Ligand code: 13P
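Let's start with one chain on its own, the form predicted on its own, as structure tokens.
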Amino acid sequence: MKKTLIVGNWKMHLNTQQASLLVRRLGERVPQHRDIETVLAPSMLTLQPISLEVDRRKFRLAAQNANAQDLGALTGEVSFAMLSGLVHYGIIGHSERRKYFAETNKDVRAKVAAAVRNEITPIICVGETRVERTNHETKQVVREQVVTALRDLTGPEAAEVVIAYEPVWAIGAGRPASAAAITEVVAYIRLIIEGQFGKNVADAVRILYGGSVEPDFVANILSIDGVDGFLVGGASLNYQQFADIVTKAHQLAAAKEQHA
């Protein structure tokens, strides 16, 4: 069975002292689970100090973003090459990057390729806006995002990536998308990947849900066929909520294994 993947995206929050405190509190409350992979994505500033104190048996680290070029005269930028060996994952194409920094599908494609060549697993964010959903464009938007992001990869490389379905209209809304909406899009994402790389690759890819993820919603969403975990935003800054999410995910994974 694939490990359930829980990723906490801290976004532009917490200075080095606050980040260190959150890691310590999470370390006290999140045990090591063999069926759960827990990933923390602090800001770029705090990644290096956090890497020195985090318990690597319990947590892996992710970068929230990086530049597609490995090196160059790009003042202020950090590349995936620089992050190699420091992080295991890289979040790519988050809706906030697309909205506020004008990242295109082509930009995402280049970053995915950069992450893979530097042995960092991409967590590729896809999802539609409220306007796109209202206009019945969800499948078209998601298809373009997924196909373009994976275009430069081989089948074995694509099998290792993570796709995070984050309907933009659900982020910060207080409630996640409906089970029916999540089920439809997750199944469609696997169908897209199957068309590109075959069924084995489509089955291997882990697909996460993101958008107003809180402990109360864990069981219902993880019960959806094809959902392999969460990309957590605001709740990841609350050590009690994030620990509860991990605990509930573990309980559900353990129950599934018993009945397998």
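Just count from 1 along the sequence shown to find any residue number. Being a predicted model, the structure only gives us computed values, none of them experimental.
Another form exists, predicted in complex with this ligand; not displayed. Remarks below refer to it.
Stretch 163-171 is the contacting one of 71-79, 140-148, 163-171, 181-189, since its residues have non-hydrogen atoms within 4.5 Å of this ligand in the model of the complex.
Although the partner is absent here, K11 is a contact residue: one of its heavy atoms lies within 4.5 angstroms of this ligand in the model of the complex. Within this chain, E96 lines the site of this ligand in the model of the complex, having a heavy atom no more than 4.5 Å away.
At a distance threshold of 4.5 angstroms between non-hydrogen atoms, G234 is in contact with this ligand in the model of the complex. In the model of the complex, none of the heavy atoms of N67 sits within 4.5 Å of a heavy atom of this ligand. If you take 182-213 and check each residue for a heavy atom within 4.5 Å of this ligand in the model of the complex, you get G211, S212, V213, in sequence order.
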